[in-house]
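This document starts with one chain, in the form predicted on its own, laid out as structure tokens.
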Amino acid sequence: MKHKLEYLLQQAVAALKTQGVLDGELVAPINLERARDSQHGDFATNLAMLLAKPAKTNPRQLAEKIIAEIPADKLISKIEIAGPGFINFFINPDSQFQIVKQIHAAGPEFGLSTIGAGKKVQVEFVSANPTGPLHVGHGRGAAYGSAVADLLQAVGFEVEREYYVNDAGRQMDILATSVWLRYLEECGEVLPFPCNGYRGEYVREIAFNLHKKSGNEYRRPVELVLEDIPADEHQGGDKEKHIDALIERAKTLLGPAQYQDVFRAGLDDILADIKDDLQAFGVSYQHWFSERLLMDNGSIQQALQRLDAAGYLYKQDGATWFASSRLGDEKDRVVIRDNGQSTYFASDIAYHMNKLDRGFDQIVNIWGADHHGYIPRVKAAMQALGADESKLKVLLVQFAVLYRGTEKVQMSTRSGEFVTLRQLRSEVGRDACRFFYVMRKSEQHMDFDLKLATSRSNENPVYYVQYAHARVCSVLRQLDEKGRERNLHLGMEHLNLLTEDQETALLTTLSKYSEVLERAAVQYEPHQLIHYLRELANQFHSYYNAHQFLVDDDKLCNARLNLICAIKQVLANALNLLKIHTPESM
């Protein structure tokens, strides 16, 4: 309905351009919104007010000319001018029934559009360091990123989902060293475990499997391991210096090849676990991008050469700096340390250069909210590389906070004290996880209520929405049990019998689905779709409780069956898009 009105307005504008009322080169932004007050019609546009200045005319007078050129259409019963030049559309009451026919005709494809056709978008999300299993905090980014990507695809964008694997750098060396020390314990060595090592049970499991596979191949005497190592924190020393010294000792005693074996044992095991976990959560990727690849193929050096050629690099105190403050960052950033090692930021610059070189029209990064300060420096790098910074959209996600009753669950990957995403799915189910995670704006704080998520009551929003779908299925089973058959054609012919206030409200809500889907996609806000589902489910449950569907009047019966089957289809389309099941009984 909205698209039809937009099309009619476009025709009117084209006619006025032909007449010379409007400049032929003028871009006419058609902003059509649903009216908040039914007295002002069903839809309203400020088109005349936007075009009045370039047209050098009064907005109300231009509105009259636009209305005069709108082709006659049975969809519209009346058009009025309001206020300084708003154009209000009143929809023919009989047109509201067309939505039921459209839903039945389109089926699973109802609501899909092509507004993003021809545009290539990359969505990078989760990208958690492969130093441990995914926890409930990562789950929110996974659900949100997956929903954003799927929504964009639903409205026609060509979407590539990507996971950036941070498989290089100090954290990975800490993991490898933690695995090796636990491996030494499996070999029978006795040694204190570093405060700053990864202490989770999963590290012991990796070490156990490594020992089972390789025996004592990587064993070294504990005396050599700990010789002249700086004291750890609990010994009155510095935990950072202690773990760094252990890393260097591991590399020295094992040598490059064997150290790489231990490194890969940790990385491969955890990355495989992450992939399995996300797949079970309904999240898939087209590309897993390795940070180490950037080092191995020279991408980091290429990126820095481009920055240097553009005049944005300088040397100071033995280090190489990127003059990001010249491009909006709060200060300049080191890209090569005084020891000759590149920084994490240098890898990020090379990664974004790689993204740009792949030709995406839009690059969407979904980061944890703690990375907020990182945005200006990455945008500065984009500009320094010669790209339009508007190509990059960074969306921030607050980590979810898990509660058991009133007790907050503390989580730390390093200490191993955390609830994994897999454990959460096991406890509350994938559907509740995904629904709850995208129920609010991504940047809003979220408390995950385990008790609510597992309850089978109307207070549980995912249960409430799924129950609406199941209830329609129940009505269809009752129809079959009574030995009656649904007559789709008869129902379509008599949709005008749907005159109850609740039926009118449902028809209006159904007609909004395509608009909500498009808006949720282009604004990167899947919670809008969740709100829509809750509204539709609420209206349906009220309708269900107030009326009978399998009435004796076959015309009314089939009209109502067509309506509730349309509701069922829209519920299914939206839930399937969110990777949430549509049960037929509950």
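One rule holds for the numbers: they count along the sequence shown, beginning at 1. Owing to the predicted nature of the structure, the values given are computational and were not obtained by experimental measurement.
There is also a form predicted together with the RNA; it is not shown, and the following applies to it.
- With a 4.5 Å cutoff on heavy atoms, residue 552 does not count as touching the RNA in the predicted complex; it lies far away.
- The RNA in the predicted complex is approached by residue 471, whose closest heavy atom lies within 4.5 angstroms of it.
- With a 4.5 Å cutoff on heavy atoms, residue 33 counts as touching the RNA in the predicted complex.
- In the predicted complex, none of the heavy atoms of residue 70 sits within 4.5 Å of a heavy atom of the RNA.
- Of the residues 215, 373, 236, 221, just one reaches the RNA in the predicted complex with a heavy atom at 4.5 Å or closer; this is 373.
- Checking 388, 330, 480, 109 for any heavy atom within 4.5 Å of the RNA in the predicted complex turns up a single hit: 330.
- Residues of just one listed stretch (175-183, 305-313, 487-495, 333-341) have heavy atoms within 4.5 Å of the RNA in the predicted complex: 333-341.
- Contacts with the RNA in the predicted complex, taken as any heavy atom within 4.5 Å, map within 520-556 to 523, 525, 527, 531, 534, 538, 541, 542, 544, 545, 547, 548, 549, 550.
- Annotation: residue 114/residue 51 CA-CA distance longer in the predicted complex than in the displayed model, change of at least 3 Å.
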